[in-house]
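This document starts with one chain, in the form predicted alone, laid out as structure tokens.
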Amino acid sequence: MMRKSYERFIVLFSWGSFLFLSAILLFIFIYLVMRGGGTIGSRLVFGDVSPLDALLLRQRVFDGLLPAIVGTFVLVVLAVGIALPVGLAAGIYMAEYASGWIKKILSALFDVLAGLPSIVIGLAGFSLTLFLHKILPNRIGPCLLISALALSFLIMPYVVRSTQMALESIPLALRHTAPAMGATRLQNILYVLLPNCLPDILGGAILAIGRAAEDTAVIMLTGVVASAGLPRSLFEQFEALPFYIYYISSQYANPEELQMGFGAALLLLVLCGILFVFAFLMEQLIQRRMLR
């Protein structure tokens, strides 16, 4: 009787927590829609420029959010593209090769890296920018590439830990099947272990996408500005939605500008949703191919 009551309490508490968090998220979304929904339209994205002229790069967008949207998308793709292969390799090493005191030291280092405030990562990226600018004067300064590199270090622990935990959770029977048939350790990892835990690894990549899309402190110190236009090179400054939201919320001149900040927050949610859906579709595609 006591055990059933305890299990019932756990179930009710879990459902209550789920409903509470869902209500908070719904409240935030409704609040953003109420404050910034009126600004959603072509003018918010393209400003006074014709959408066709802006998309065909005939005219530059000065008072719209198109450069910030494109800059955010390119930044996230670059950061995840850098962090994913490195984090995947590090997670494989942690799960399959590292042992003893080496594994303990590396685990502690990754935990410290995961717990570092983003402003510290930003300062490290800023220091790297100063170092490169000193070595190559007038060639490299705060830019999109430095921001992507710094942001990749911020999200890399998520990829490392998700890869490591996914590999370590594979049952021993499956882990030992290929080596028993003569496969090498590398062949076992590439053809047996990774395909079976790839959906879990992609889950870590999805979390990394969300972390990269919302951060402001890192990019604020490494290359983002308020008005840079569409990113034309990896070595130029750029615009991003998180920085725009921060900039408008702290220095708005009138209620209309603040309302545009809420509209930018909605666009950021939409952009993150598109990236999440794309990652989810990729995960489903990989799972279907594995089942064939």
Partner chain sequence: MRLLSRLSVTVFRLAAFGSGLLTIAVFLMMLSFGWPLLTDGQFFTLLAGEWNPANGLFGIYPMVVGSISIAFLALLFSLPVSLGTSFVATVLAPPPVRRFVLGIIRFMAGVPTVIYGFVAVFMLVPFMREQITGGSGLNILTAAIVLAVLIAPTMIVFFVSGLKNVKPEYCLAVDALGARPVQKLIFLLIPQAWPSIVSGIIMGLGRAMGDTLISLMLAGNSIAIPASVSDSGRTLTAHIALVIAADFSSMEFKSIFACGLVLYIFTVIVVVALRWVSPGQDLRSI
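What we label the rigid core is the largest C-alpha set whose atoms superpose within 1.5 Å from one form to the other. Positions refer to the first chain, counted from 1. These figures come from a predicted structure and were not determined experimentally.
If you look for the form predicted in complex with the partner chain, you will not find it shown, but the lines that follow are about it.
Screening 74, 170, 82, 217 for any heavy atom within 4.5 Å of the partner chain in the predicted bound form leaves a single hit, 217. Among residues of the shown chain, residue 265 is one whose heavy atoms approach the partner chain to within 4.5 Å in the predicted bound form. Under a 4.5 angstroms non-hydrogen atom cutoff, the partner chain in the predicted bound form has residue 261 among its neighbouring residues.
Among residues of the shown chain, residue 54 is not one whose heavy atoms approach the partner chain to within 4.5 Å in the predicted bound form. At a distance threshold of 4.5 angstroms between non-hydrogen atoms, residue 206 is out of contact with the partner chain in the predicted bound form. With contact defined as any non-hydrogen atom lying within 4.5 angstroms of the partner chain in the predicted bound form, the contacting residues in 153-180 are 153, 156, 157, 158, 160, 161, 164, given in sequence order. Once the cores line up, the CA of residue 226 ends up less than 2 angstroms apart between the shown form and the other one. With the core held fixed, the Cα of residue 127 is displaced between the shown form and the other one by less than 2 Å. After superposing the rigid core, the Cα of residue 183 is displaced by 2 Å or more between the shown form and the other one.
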